[in-house]
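Just the one chain here, the form predicted on its own, laid out as structure tokens.
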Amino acid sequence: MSPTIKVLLAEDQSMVREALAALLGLEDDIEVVAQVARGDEVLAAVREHAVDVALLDIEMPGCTGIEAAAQVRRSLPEVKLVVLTTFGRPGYLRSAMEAGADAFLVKDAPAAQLAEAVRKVLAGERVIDPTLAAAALAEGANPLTDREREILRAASDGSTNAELAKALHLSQGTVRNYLSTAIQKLAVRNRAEAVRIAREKGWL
């Protein structure tokens, strides 16, 4: 009999997390040994429970599933990482792969498909939802630089240029220039639209 695969589930919506845990728990060779609701709790839980595979939702408090994946990849490279998303945002696929994810799937995929992905990544395979992969290829690369993404993320709460400059230790002129460039690249009229479009495409 093959050894049980120890899985961590990171998902901030408790109903979704518990449903996923229950479905995966029906598999003979998979055991959900840890559940967390925050991205910044992932690394410690993976360490504590000697997890084989971590299933990570993207949108979580503390830090995103993609950021958590990067932390685990740096600290515990032997752990396999499956990023789950409810959003068909192509930029997320690229970001997840860059963070070291072994699989990228939509959260509402059938339980059997998730279980099979867990087994495949443990065997060294990479698993990517074909629809998401096609969308990512069609969308092309993220045109925003790291600094432009950082400033747009910071601007998403409606902060003024002065507030952004102070928080990011930049001059107001520099902040204005980065925002202006991002707005031009995204072919929108203002920063609010730039934030919305970049979010929708998974570029932030």
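All values derive from a computational prediction rather than experimental measurement. Just count from 1 along the sequence shown to find any residue number. Note that the rigid core is defined as the largest set of C-alphas that superpose within 1.5 Å between two forms.
Form predicted together with the DNA: not shown, discussed below.
Engineer: Heavy atom within 4.5 Å of the DNA in the predicted complex: which of R38, K166, R47, R147?
Structural biologist: Here the answer is residue option R147.
Engineer: Sort through 168 to 176, 23 to 31, 56 to 64, 39 to 47 and report the only stretch with a non-hydrogen atom within 4.5 Å of the DNA in the predicted complex.
Structural biologist: Single hit among the candidates: 168 to 176.
Engineer: Considering non-hydrogen atoms and a 4.5 Å limit, does the DNA approach S180 in the predicted complex?
Structural biologist: Looking in the predicted complex, residue contacts with the DNA include S180, since a heavy atom lies within 4.5 Å.
Engineer: Considering non-hydrogen atoms and a 4.5 Å limit, does the DNA approach R17 in the predicted complex?
Structural biologist: Outside the cut-off, so no.
Engineer: Pull the contact list for 180 to 204: residues with a heavy atom within 4.5 Å of the DNA in the predicted complex, in sequence order.
Structural biologist: Sequence-ordered list: S180, I183, Q184, R189, N190, R191.
Engineer: Superpose the two forms on their rigid core, then report whether the C-alpha of A10 is displaced by 2 angstroms or more between this form and the one not shown.
Structural biologist: Result for A10: no, shift under 2 Å.
Engineer: After the core is overlaid between this form and the one not shown, has the C-alpha of A22 moved by 2 angstroms or more?
Structural biologist: The answer is no, as the C-alpha of A22 shifts between this form and the one not shown by less than 2 Å after core alignment.
Engineer: Is M60 among the residues whose Cα moves by 2 Å or more between this form and the one not shown after superposition of the rigid core?
Structural biologist: Shift of 2 Å or more: no.
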